[in-house]
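The chain below stands alone, shown as structure tokens; this is the form predicted on its own.
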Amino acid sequence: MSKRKSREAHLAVGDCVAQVQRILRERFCHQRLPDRPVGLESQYKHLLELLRRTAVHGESNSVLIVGPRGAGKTMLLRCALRELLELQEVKQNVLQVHLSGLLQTDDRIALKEITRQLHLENVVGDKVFGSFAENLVFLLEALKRGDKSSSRPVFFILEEFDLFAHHKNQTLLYNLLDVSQSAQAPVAVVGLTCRLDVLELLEKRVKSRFSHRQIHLLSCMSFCQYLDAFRSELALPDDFPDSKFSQEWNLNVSELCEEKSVQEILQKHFNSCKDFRSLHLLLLLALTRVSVSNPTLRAVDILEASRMSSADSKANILHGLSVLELCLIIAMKHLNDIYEGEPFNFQMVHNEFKKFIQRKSHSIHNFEKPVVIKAFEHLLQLELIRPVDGGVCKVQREYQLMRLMLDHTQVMEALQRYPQCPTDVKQWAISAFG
């Protein structure tokens, strides 16, 4: 009987862990929006009011949301749209067109996408237009229902707004902003960009049609707020099916926030990057360590997640190199010091390696030149070294100039963790990197 109860309890914990991982993964992967943007109340209110004026009162507007990657630009916009679309009159009328500077790389592609998202392919048909402006005006006219006052409001949302400035003559931006200013139809143009100097990229005629409204998302979060965000992001909701498990989980999260080791890890992340994207990555990695045998988060899980999220990919590659390949990298560093950062070629590296074998090493085999060339080419394939000319010049491979793409800390860390690394190689490395 006790075995049966134990098995049932094990299954119950397994169900809870699976639900926790599903809920938190949705949250961390931005599949579910927060109730309100944290720390962006004034920006949210400003954006919501602008969009409401277009959707409800038919007033055209243009605005730029500016901030670094991960600051919450898209999240802010999606939250404002969600609240706005809860109004019945808005939900039935407003149309949205989402464009991205990464995808719509020229005006022809952008216009095709606008037509598709507005479901006007049949209206356009085989019509031929003289210009982009004529085509766009025709599309907006097609949205009218009888008279001018009943035109359907359209939100044009331009992700990576700065990339649209590279289109020929900035025709798309000019015409969208021209329509938003001339009140031909209720239009809101919302641009999202990481560039603070985005207005300097705009042509004079485009700039004159922009409202110059900008919403800046610059984080002024304190570490205490960051810690609160850590707690709230991990907290389970009140409607979690197993209330007992939920209470234990939330209590455990609160205790984690009090632990000094966890606070030190979070302080390190806070100092390097305050955005929620990096925090979510950290928490997602920690969440992968939760299991039936370990149903709550521990400090060691946060520590391991921090180590994984800040792992140096090049340093990890170094751990898989042969001793010969490590010796060649040390020889390259010696050459960098001797020639004050000037590029080197294989022949120079081989000569430096041979000097080490003859003078200092008693544990390294004197490899044949073809073997050394093979090791050198492997470093090139791994992109730990790269050709100065990009590999364009046709010169004999032994004499092609190269640069080392590693710094001394990466190499020294790899040597420290390298299993059974010969002592004389380590000493040679210390003389090069010390």
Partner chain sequence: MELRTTNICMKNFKSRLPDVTFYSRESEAACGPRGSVVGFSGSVSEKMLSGLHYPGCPEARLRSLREKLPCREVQAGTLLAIMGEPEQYCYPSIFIYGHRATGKSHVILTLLKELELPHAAVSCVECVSAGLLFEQTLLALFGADSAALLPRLPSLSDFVRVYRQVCAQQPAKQTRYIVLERAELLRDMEANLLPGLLRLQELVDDNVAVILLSEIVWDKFRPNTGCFEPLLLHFPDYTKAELLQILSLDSNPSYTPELYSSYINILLGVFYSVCRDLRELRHLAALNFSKFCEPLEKGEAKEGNTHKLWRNIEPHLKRAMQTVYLREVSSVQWGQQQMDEKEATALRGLSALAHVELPYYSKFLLIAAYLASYNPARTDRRFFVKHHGKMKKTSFLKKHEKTSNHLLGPKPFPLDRLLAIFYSVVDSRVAPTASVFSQISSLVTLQLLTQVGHDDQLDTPKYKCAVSLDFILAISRTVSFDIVRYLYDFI
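Residue numbers count along the first chain shown, from 1. Source: prediction; values computed, not measured. C-alpha atoms forming the largest set that superposes within 1.5 Å between two forms make up the rigid core.
The same protein has a further form, the form predicted together with its partner chain, not shown here; the description that follows concerns it.
Figure note: of the listed segments 82-90, 252-260, 313-321, 227-235, the one touching its partner chain in the model of the complex, with heavy atoms no more than 4.5 Å away, is 313-321. Residue 194 is the only one of 303, 194, 357, 95 with a heavy atom lying within 4.5 Å of its partner chain in the model of the complex. When its partner chain is considered in the model of the complex, only one residue from 342, 242, 113, 248 comes within 4.5 Å through any heavy atom, namely 113. In the model of the complex, its partner chain lies farther than 4.5 Å from every heavy atom of residue 298. Although the partner is absent here, residue 284 sits close enough that one of its heavy atoms falls within 4.5 Å of its partner chain in the model of the complex. Of the heavy atoms in residue 424, none are within 4.5 Å of its partner chain in the model of the complex.
Its partner chain is not drawn, but in the model of the complex it has a heavy atom within 4.5 Å of residue 105.
Superposed on the core, the two forms differ at residue 417: its CA moves 2 Å or more between this form and the one not shown.
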